[in-house]
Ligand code: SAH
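One chain comes next, on its own, written as structure tokens: the form predicted on its own.
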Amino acid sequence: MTVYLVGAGPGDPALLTVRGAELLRRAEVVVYDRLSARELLDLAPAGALRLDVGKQPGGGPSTPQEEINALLVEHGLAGRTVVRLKGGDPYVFARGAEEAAALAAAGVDYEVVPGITSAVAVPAAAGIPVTLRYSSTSLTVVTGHEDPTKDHTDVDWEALARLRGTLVILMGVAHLPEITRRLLAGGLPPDTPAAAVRWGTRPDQETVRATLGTLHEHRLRAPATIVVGEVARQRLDWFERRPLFGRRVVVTRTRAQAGVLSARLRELGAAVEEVPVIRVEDPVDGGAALARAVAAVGSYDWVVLTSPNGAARFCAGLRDGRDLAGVRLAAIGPGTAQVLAEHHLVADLVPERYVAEGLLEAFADPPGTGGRVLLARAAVARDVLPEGLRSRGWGVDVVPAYRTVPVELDEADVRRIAASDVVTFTSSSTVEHLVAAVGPDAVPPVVACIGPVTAATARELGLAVTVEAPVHTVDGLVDALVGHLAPEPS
């Protein structure tokens, strides 16, 4: 097989290339460094071997490059599909050439997948264009941390100072005082604009703006990208102005359903911690009752679906839309209706309020001869809807389409929850299982609920609900959270 040297980009998982994502999804082994986002590792198959070979600055635990080379050769010779995930671009101060040379020497096929380098992407996220048409027409990228085993330096800092273009220094925090001294000696004015960007393109990005003469006096920490030149005077900082920038938000939905909510939050600048506290399984009868009901669906006047999970499982049992000839469909909200639409079915009824009470209010009375309703839902749910329909004369058959079971959280999950600012709940079951796992006192200070039923459960379990979405959808939840947390316009 092949070893792929994949550039992971500057930090934001969304900046991975399409080719890189494609390879990760079929990797058997992923060898990654400390700058690789956790979300990228989640792209690999569950059974893929994940090997951390990160190098820590300041003398922390590190895997020697020779061992990394040997690992790649070993797994490559074993015929496995290997992705070597490297921060930025594999060939920009990332030792990708050494790894490629080792693979070539061992006769292992390899491919290099370029990545977006932090030298360009990180300044952009900090609002700094690396070139300007009239004033900054050259770009020099240089390492501030040469191999310590070398007996000489290849960087002529005094000569770089005379270029007077944009200078981007990678891995230069530890040596910045000496770099500054030499750039000044080369003729760069001390008031030359300069900036240092830590964890660029990530939700915890930090930007320090100063001058060449003063930047080293600030408390800077690695990893940081340093920019020196007139471009550092620019403040086109769209990235840090996003309404949820810097907020750490826990998403408790099932892993399969977390994507839409997580993506919206990330677009708005949040750091998302996906900690699924439930998973969806078959009901205890293995779905037998639902299968029988779907087989006889033509005998019902209405099918009522109260969640996307229930809709998906109901639709999976149909042969096609002809099974529903003469049967009308009710969906509790747009998310459930969307699942029907994905199966080429149109909901006949979606209430204005996306709760059981709203659906009951919108539901028509049965015809004079009575009528039958099939309600496919979670195994454990409130009885407001079936009891209300029966009181109005409908015959209601309730069948379990699925059940939710708790996901056991590990210590790392608990720490991520405790370190977060916000927790989002999209169902009562997510509230119940999170509180059962960590207790009410360990829940983040801002509790955001998708609607009144979920909020009521949270309050019953001792949580103070901060945000309750007036529109009971994922978009409504995000909008309500932004309305609560976004800074006031200056």
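Everything numeric here is computed off the predicted structure, so don't read it as measured data. Counting begins at 1, following the sequence as shown.
Keep in mind that the form predicted together with ligand SAH is missing from the display, and what follows is about it.
Peer 1: Although ligand SAH is absent from this view, report whether residue 198 comes within 4.5 Å of it in the predicted bound form, heavy atoms only.
Peer 2: Yes.
Peer 1: Residue-level contact is defined here as any heavy atom of the residue lying within 4.5 Å of ligand SAH in the predicted bound form; does residue 208 satisfy this criterion?
Peer 2: Contact with ligand SAH, no.
Peer 1: Though only this chain appears here, would residue 99 touch ligand SAH in the predicted bound form if you measure heavy atom gaps against 4.5 Å?
Peer 2: Residue 99: no contact with ligand SAH in the predicted bound form.
Peer 1: Although the partner isn't part of this model, could you tell me whether residue 312 comes within 4.5 Å of ligand SAH in the predicted bound form, counting any heavy atom of the residue?
Peer 2: No - in the predicted bound form, heavy atoms of residue 312 and ligand SAH never come within 4.5 Å of each other.
Peer 1: Could you tell me which one of 113, 250, 356, 92 places a heavy atom within 4.5 Å of ligand SAH in the predicted bound form?
Peer 2: When ligand SAH is considered in the predicted bound form, the option within 4.5 Å is 92.
Peer 1: Just to confirm, with a 4.5 Å cut-off on non-hydrogen atoms, which of 330, 339, 170, 374 contacts ligand SAH in the predicted bound form?
Peer 2: Selected option: 170.
Peer 1: Would you mind picking out the stretch of 80 to 88, 347 to 355, 393 to 401, 276 to 284 that comes within 4.5 angstroms of ligand SAH in the predicted bound form, counting non-hydrogen atoms?
Peer 2: Result for this chain: 80 to 88.
Peer 1: Along 224 to 238, which positions have a non-hydrogen atom within 4.5 Å of ligand SAH in the predicted bound form?
Peer 2: Those in contact are 224, 225.
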